[in-house]
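Below you will find one chain, with nothing else, as structure tokens; this is the form predicted on its own, and questions on how it binds or moves follow later.
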Amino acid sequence: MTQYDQYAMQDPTTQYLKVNADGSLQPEPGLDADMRPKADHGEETYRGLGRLKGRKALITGGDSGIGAATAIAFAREGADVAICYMPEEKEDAEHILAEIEQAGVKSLALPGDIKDEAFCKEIVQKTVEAFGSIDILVNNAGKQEFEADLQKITTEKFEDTFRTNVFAMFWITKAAVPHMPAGASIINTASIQAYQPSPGLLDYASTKAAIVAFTKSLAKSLAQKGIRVNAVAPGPIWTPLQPSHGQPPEKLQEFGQNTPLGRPGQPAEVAPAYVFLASQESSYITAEVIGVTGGQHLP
């Protein structure tokens, strides 16, 4: 992997090496610690400017991938950060919690399963008890499992994908809004799949389209409260979602190389979009979706 400098002008086509994975799969939910090649979350490269100083953030799926990179970026911008993750992702979570604390801010670990409505309410309450408020909510945790045959998509699998990606977002947001002051920001993780759905990702793509609609509707309903709601729609980003059955083995071997930029993105390249939407720099932006897609543009 080439060295990434967020402030140095570089050729984006060669800023990172192409991912040439061997196609081996991990069991869900997948660990960043076991990924080959490793993903870049900005541990060695992200330099904050104090844009989120004193703010309190809750990030679901903050142990790896885009959530992890966002947690590191938020911490280095001065925010206290709570991350929610599955208990089996503890190894990844401990790494990110240490990165948050090294930035000189508070961290909060919230292990559990967001498919449970009671747990969704619990993580909001624990964050408020620890930090005093929630100024930034990032609904990022997601379930993605490739299945090309419609007949093999079970009702249980379909429901699990919606409970993780959509229902949990609804439960957490509903619980968090009463604790969010004017100026707060909600950022949801959508996907290029909401606009350009792939065969084999029927349930996942459907949830991401729902997240786009949820984001735009909620933004309009919360505007008078001074709470902004936006989404980020990543394209092919190298995260544990991909090798933990999010893609078939043959697609992993040349993952993301069909984009105009010729390579997949790294989590460190997505996190700045979340920082921008969380900061006051985006004060007149709400009900929008920012694509980070390597050229597979949104409509």
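When you see a residue number, it is the position in the sequence shown, counting from 1. In this text the structure is predicted, and so the values were computed from the model without any measurement.
Another form exists, predicted together with a small molecule; not displayed. Remarks below refer to it.
- Contact annotation: of the candidates A82, I136, I100, A190, the single residue with a non-hydrogen atom within 4.5 angstroms of the small molecule in the predicted bound form is A190.
- Of the residues given (K174, K157, H179, K115), K115 alone sits with a heavy atom within 4.5 Å of the small molecule in the predicted bound form.
- Among residues of the shown chain, Y46 is not one whose heavy atoms approach the small molecule to within 4.5 Å in the predicted bound form.
- The small molecule is not shown here, but in the predicted bound form it comes within 4.5 Å of a heavy atom of M86.
- In the predicted bound form, the small molecule lies within 4.5 Å of some heavy atom of A141.
- The closest heavy atom approach of I66 to the small molecule in the predicted bound form falls within 4.5 Å.
- In summary, the region of this chain contacting the small molecule in the predicted bound form, judged by heavy atoms within 4.5 Å and restricted to 127 to 135, 220 to 228, 145 to 153, 200 to 208, corresponds to 200 to 208.
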